[in-house]
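In structure tokens, the next block holds one chain alone, the form predicted on its own.
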Amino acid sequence: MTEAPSAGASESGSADRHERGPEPGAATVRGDVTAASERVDRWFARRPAVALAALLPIGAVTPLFPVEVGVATFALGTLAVGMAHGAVDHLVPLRGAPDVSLPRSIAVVSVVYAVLGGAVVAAFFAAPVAAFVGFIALTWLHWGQGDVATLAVAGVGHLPSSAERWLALVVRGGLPMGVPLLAHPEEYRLVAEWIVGLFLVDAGAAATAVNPLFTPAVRIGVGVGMAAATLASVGLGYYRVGNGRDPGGWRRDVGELAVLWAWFLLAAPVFAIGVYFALWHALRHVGRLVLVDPEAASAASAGDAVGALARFGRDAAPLTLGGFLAVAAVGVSVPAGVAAPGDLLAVSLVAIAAMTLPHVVVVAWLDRRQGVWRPGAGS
């Protein structure tokens, strides 16, 4: 197993061959790629989606719980897998391109993280409301980006054009970011006030500052937009299936959309995001990284899930710790200080925002190498 199975496999297929030695026969390689891809998709995407569906009854009662339950869930999810999912970014260029050395891979990604992460933190100090809105938009983009990449790597056939994949991105990213605003605006607003309040000396000013974000017009606009985008995406997929595309991927897409709509409509926002981050988004990205690591992918192709995860965990451990140090650094630097669970959540989200922007850049580079947004011509 030497490469990620994707629309752009021809671009990245020689990545890391220097780590492996001579290639086996082409038929063997294709078989390994298929086996690894199918197992990774099952382990890191399909089974977690079923698990989230099974958790819907629990999610439905979480609005009755104190918000601190959601904060604790978010913290556990971040500790378990959320922080680790981006902690192998320094190795992505090495494994995604044949001409990138390990020192260059680490150096380039380190500079990207330092410059862009620092800019995000500076933005929160300078204009916290605008930075919060930017973080929501960036997360919307990135979580949609991750889901579309998962579908592309799995080889679904009902999203054959770039426009259809971008529409799917809008839907997939908008479910965790937009639907809670429609269904649970009070808790959504509370989180916004916690984050903005970290950077304001006057504690009461945060509520006034975020008022324009939570007007009925904004909520209605987001709700109508999300419903229209979902129907358009599902309808276009159905049209593609009617014109000869494999219906399996479309049925999967519709099923996952139904689970996500139900989850974010029913569950309290902080709890919903905490579970989704760990069980859905982060795991899917971990699976994708397994496929671009030759050793982890070989373990996956052999059915060794523990071996694949152990390899990923080894690579992710140092920078996972670095991520928690970044949270601590933000905590000691904010003017308002950290005195309550809500403050801790807010600090964590600001630190995650600082790591998300460079992470999006790295993932976008991998998307380009794998042809996620450039499906085959003539589709």
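Note that the structure is a prediction, hence the values are computed from the model and not measured. Numbering starts at 1 and follows the sequence shown.
Omitted here: the form predicted together with a small molecule. The next part is about that form.
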item: Contact segment among 155-163, 240-248, 226-234, 106-114, judged by heavy atoms lying within 4.5 Å of the small molecule in the predicted complex; value: 106-114
item: Triple contact flag 121, 213 and 335 to the small molecule in the predicted complex, non-hydrogen atom at 4.5 angstroms; value: no
item: Contact flag, residue 135 vs the small molecule in the predicted complex, heavy atom cut 4.5 Å; value: yes
item: Partner contact for residue 298 in the predicted complex: the small molecule, 4.5 angstroms, heavy atom; value: no
item: 4.5 angstroms heavy atom contact with the small molecule in the predicted complex for residue 363; value: no
item: Partner proximity in the predicted complex: residue 40 to the small molecule, non-hydrogen atom cutoff 4.5 Å; value: no
item: Option touching the small molecule, based on a heavy atom within 4.5 Å in the predicted complex, out of 199, 74, 263, 280; value: 74
item: One residue of 288, 172, 95, 85 in contact with the small molecule, assessed in the predicted complex (non-hydrogen atom, 4.5 angstroms); value: 85
